[in-house]
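Let's start with one chain on its own, the form predicted on its own, as structure tokens.
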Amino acid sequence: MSNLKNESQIIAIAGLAGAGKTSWILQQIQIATQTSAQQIVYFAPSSGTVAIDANLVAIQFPDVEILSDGQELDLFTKVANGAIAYVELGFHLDLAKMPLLDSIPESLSYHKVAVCPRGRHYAEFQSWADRVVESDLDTAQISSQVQVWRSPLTGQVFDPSSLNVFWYELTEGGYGEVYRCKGIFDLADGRAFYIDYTKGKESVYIELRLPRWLEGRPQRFSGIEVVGAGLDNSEMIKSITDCCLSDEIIQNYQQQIKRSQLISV
């Protein structure tokens, strides 16, 4: 995916679930942080309390300022003062009814980008965008008429083997047809992982650059988002709950890790 020239502006990014919007934004931020000291702002309107993408951006780029609903005027002010703002529009939003975009002051530079699978035509996004960025992800089988299930997981610690089983069942259709799922999970050894799946692709596992949490239940964001059709929410809740560890088991794991760290030192 190619990049945009850094300048003071608002860049709105749209596309189907799993098209590669967040990946493109992360690429742009990486380039910007290497070539400029310009302030960068990220905003995903109407993403609710389980804002996985926003938290992923914050973890990978701590200097990026994350804004949330209700801070639209702050976004305009920061751009007017020289920042570049990436506004990630969820696939569930109606591009024809975007109060935020309609209220952008005429004095601010504004650019619309659609991220679409290479070689495919999506009139809804391509007619809206100033520029189309092609990605290697194929969302041809993903409809915009889908269910979205989100759950906060902050404070929960997962047994890796159980989480792997749940993730396999989830992506193989055990709880309904899944087009896209992603989540941030704290594991028993104190590490945190981001897991991402798009239909037709292998799941991606990324260890996050966070300190190991070895003192009780983690007090940092974790959560899961599932996009699909015919989802069995109650079974997903039951299964993911079964993957979570008790206080006693968490404490035992943390003590073992601490002892191993002392021995290695």
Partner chain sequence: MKIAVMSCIHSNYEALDAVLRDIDRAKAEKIFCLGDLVGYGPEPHAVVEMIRSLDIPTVQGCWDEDIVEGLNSCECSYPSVLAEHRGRFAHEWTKEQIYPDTIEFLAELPKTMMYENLAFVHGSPHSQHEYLLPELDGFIALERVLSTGADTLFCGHTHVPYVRSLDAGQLNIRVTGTKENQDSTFTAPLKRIVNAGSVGEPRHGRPNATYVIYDTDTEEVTMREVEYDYQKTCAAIIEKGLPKIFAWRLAKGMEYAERADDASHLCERGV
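Residue numbers count along the first chain shown, from 1. Just so we're clear, the structure is a prediction, and the values are computed from it rather than from any experiment.
The next section is about a form of this same protein that is not shown, the form predicted in complex with the partner chain.
> Contact with the partner chain in the predicted complex for residue 166, defined as at least one heavy atom pair within 4.5 Å: yes or no?
Yes.
> Do residue 155 and the partner chain come within 4.5 Å of each other in the predicted complex, heavy atoms counted?
Outside the cut-off, so no.
> Since only the chain is shown here, I'm wondering whether residue 172 would be in contact with the partner chain in the predicted complex (any heavy atom pair within 4.5 Å).
The answer is yes: residue 172 has a heavy atom within 4.5 Å of the partner chain.
> How about residue 161 - does it come within 4.5 Å of the partner chain in the predicted complex, if we only consider non-hydrogen atoms?
Residue 161: yes, in contact with the partner chain in the predicted complex.
> Based on heavy atom distances of 4.5 Å or less, which listed stretch (206-214, 64-72, 227-235, 44-52) is in contact with the partner chain in the predicted complex?
Heavy-atom contact with the partner occurs in 227-235.
> Taking the partner chain in the predicted complex as the reference, which of 239, 60, 38, 30 has a non-hydrogen atom within 4.5 Å?
Selected option: 239.
> Could you tell me which one of 17, 12, 245, 25 places a heavy atom within 4.5 Å of the partner chain in the predicted complex?
That would be 245.
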